[in-house]
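First comes one chain, alone, set out as structure tokens in the form predicted alone.
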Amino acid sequence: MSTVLDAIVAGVREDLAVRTEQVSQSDLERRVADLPAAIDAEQRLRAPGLSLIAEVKRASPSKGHLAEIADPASLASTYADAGATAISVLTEQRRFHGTLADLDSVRAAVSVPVLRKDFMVTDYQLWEARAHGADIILLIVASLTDDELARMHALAHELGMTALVEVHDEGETQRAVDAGASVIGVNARNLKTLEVHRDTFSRLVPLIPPGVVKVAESGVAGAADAALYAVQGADAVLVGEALVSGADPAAAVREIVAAGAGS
């Protein structure tokens, strides 16, 4: 039976086919060779307290339109100035209304690590992410085979990027650990059904070895949720909807960071 994730990935592959016709991997590799090294995002996420990955996010499959965000660079700067450890930029266009141009503008505006948030299914996308300035890429275990996960995880590190390996159940968590992931994101939202289960992080975190950076994703409506995740063992939270839909994203960032520091 086809899932929401299957439909998203099918669209990603169609859009990817267009981009590979326009820009070859060799072109991307030449661009990467001329870039400064990626920022060590994993080291930043290991800092004391609760790190915040603040997301530039216009829409989602579960909620539809969230915010206009005409100026992603300005929003990213607001996040960074308020204390966000890293900025996540959606580049998937069909369901999330993001673009690589958003990534370019955010990269030019901030000095903190930047995550390219997309559905990575080929090596080309990792080269593409680095060529556009990403320091972190997302690898969703549910959309990759073990061989793909291992290969892309290794390539991310070869390119100097941090791989945020996303899981949402016990089997995927074990696969992430077996792949050697040093940063694991536990998503409370099941991408196959879009349902959110707030106990997912607390259920899966015991399966993640000590020393692995643990990122809680989804289910953070504000500071109280972030503080709870911190108590449960999160080193970082990834927050999008609560920041872009609120009236004061800077205040929201400061409150989440402070809540984590006080946990």
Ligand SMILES: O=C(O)c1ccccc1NCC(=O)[C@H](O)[C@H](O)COP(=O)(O)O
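In this text, residue numbers run from 1 along the sequence as written. Not measured: the values here are computed from a predicted model.
Not pictured, yet referred to below: the form predicted together with the ligand.
Interface residue in the predicted complex among Arg189, Arg151, Arg94, His157, criterion: non-hydrogen atom within 4.5 angstroms of the ligand
For this set of options, the contacting one is Arg189.
Counting only heavy atoms and a 4.5 Å cut-off, does the ligand in the predicted complex sit next to every one of Leu75, Gly83 and Gly222?
Judged in the predicted complex, none of Leu75, Gly83 and Gly222 sits within 4.5 Å of the ligand.
Residue-level question: is Lys117 within 4.5 Å of the ligand in the predicted complex, judged on heavy atoms?
It does: once the ligand is placed as it appears in the predicted complex, Lys117 has a heavy atom within 4.5 Å of it.
Can any non-hydrogen atom of Glu241 be found within 4.5 angstroms of the ligand in the predicted complex?
Heavy-atom contact with the ligand at 4.5 Å: present for Glu241.
Are any of the heavy atoms in Ala259 no more than 4.5 Å from a heavy atom of the ligand in the predicted complex?
No, no contact at 4.5 Å.
Heavy atom to heavy atom, is Thr200 within 4.5 Å of the ligand in the predicted complex?
Although the ligand is absent here, Thr200 would stay clear of it in the predicted complex, with no heavy atoms inside 4.5 Å.
Based on heavy atom distances of 4.5 Å or less, which listed stretch (202-210, 50-58, 24-32, 225-233) is in contact with the ligand in the predicted complex?
Of the stretches listed, the one contacting the partner is 50-58.
Taking the ligand in the predicted complex, which residues along 192-212 bring a heavy atom to within 4.5 Å of it?
Stretch hits: a single one, Leu194.
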